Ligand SMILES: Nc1ncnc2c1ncn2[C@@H]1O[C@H](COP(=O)(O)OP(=O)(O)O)[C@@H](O)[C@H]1O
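Just the one chain here, laid out as C-alpha cells, in the form predicted alone.
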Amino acid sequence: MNASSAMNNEPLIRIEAVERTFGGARRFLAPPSPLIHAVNGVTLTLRRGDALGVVGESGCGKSTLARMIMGIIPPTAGTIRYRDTDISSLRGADRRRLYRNIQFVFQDPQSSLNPRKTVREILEAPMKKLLNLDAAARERKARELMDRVNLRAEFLDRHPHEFSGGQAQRIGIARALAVDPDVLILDEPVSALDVSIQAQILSLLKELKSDLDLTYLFISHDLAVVDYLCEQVAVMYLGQVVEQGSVGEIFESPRHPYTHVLLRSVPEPGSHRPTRMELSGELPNPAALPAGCNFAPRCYRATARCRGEEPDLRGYGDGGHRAACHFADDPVPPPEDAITERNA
C-alpha cells in the first residue's frame, strides 16, 4: 500500500462500545426518573474519504450519537476518538481545535442560523474564532464559500429570514466549510426540504465531498438518500447497530429483518407511490427494553430464542458486512402482513 492509499484509509473517528443514558437520577421524595438507553454499545469506524450513513427510525439514537462525536454531550461509557485523541477529554483550546476539524450541518437550516446576523457575519464568525483570519481574508473566503455553494455574493448582507429553506441550508453548509474541516456530520440535512430541493442539496454535497476530499457521517431515516451519497451504512434500532456494511451489500443482501423492512420503504425507480411502508406493532419502551433481541417484539421471525438471548453483531463474508440476528445466515424478506402502508 502506497502512502496515498494509506492516508485515504486512515481512521479519522473511532467509536468504541459507546453508550449514552438519560435519566435515572433520584429526585427529592420521588422515585428516580426512568433510565433511557439512547445509545447502547455502538462501535463504528469512519475512515478518511468515506461517507458513512447511519439510518433508523426516529428515536433510534443516531442524532445522540452525532452529538457525542461533536462533543456536545459526553458518552456515559465507551470512547470516541478523533485520530488518537479522546474527544470527551478535550477542554478549552483543545475543544476549539476539534471544531476546526469536525463541523456539523443541522436538520433545520432556518433555526440553525442566527436571525440577527447577516450571512457575512455567520460565515466570518468561525473564521475569526478558529482560523484567526484578518478582515480582508475573511471577506475573500466568504465570497469563495458563497460561490462554492452556488449562491450569489450579494446575499452576504442579507439575513436568514430572507432565504428559502434550500438557500438557508446552502448557507449552513458554507458555514460548516468555513474552517476547512476534515469531517462533516450531517444530521438529516435534507429531511426538512421539498423533494426537488433535496436532490439539489444532495448533488451539492456529493460534489463538495469529491472536490474538497471531505469525510461524511450522514444521519438519515431514508435509505434512498444514503444510497445516493454514501459508501457505507450502519442501521440502528433502539440505540444499537443491528446491521452494517457497504451500500451494495446492504441493498443487495440485507441480513437483518429490520433492514429488510427499511428497504421496502425505498420507492422503486420511477415510482411515485404516495405511501410508505412501516413495521406493524409498537416500538418498545426505551426505559423498559425487552429481554433478548430488542427487535423481537416487532419481528416477523422472532422465536423464543430471540426473546431470551441477545444476538451478537457478527461478520459475514470478507467485506465488513455484520448483522445482529440469530437468523442472519438465512435472511428472509418480510411477509405482507408484517408491514403496513401509510400516507407519506
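Residue indices: 1-based, along the sequence shown. Being a predicted model, the structure only gives us computed values, none of them experimental.
Quick note: we don't show the form predicted together with the ligand, though the next part is all about it.
- Of the heavy atoms in Thr43, none are within 4.5 Å of the ligand in the model of the complex.
- Proximity of Glu310 to the ligand in the model of the complex falls outside the 4.5 Å heavy atom cutoff.
- Remark: Met70 does not count among the residues lining the ligand in the model of the complex, judged by a heavy atom distance of 4.5 Å or less.
- None of the heavy atoms of Thr303 is located within 4.5 Å of the ligand in the model of the complex.
- Comment: 58-66 is the region of 288-296, 311-319, 58-66, 43-51 lying near the ligand in the model of the complex, near meaning a non-hydrogen atom within 4.5 Å.
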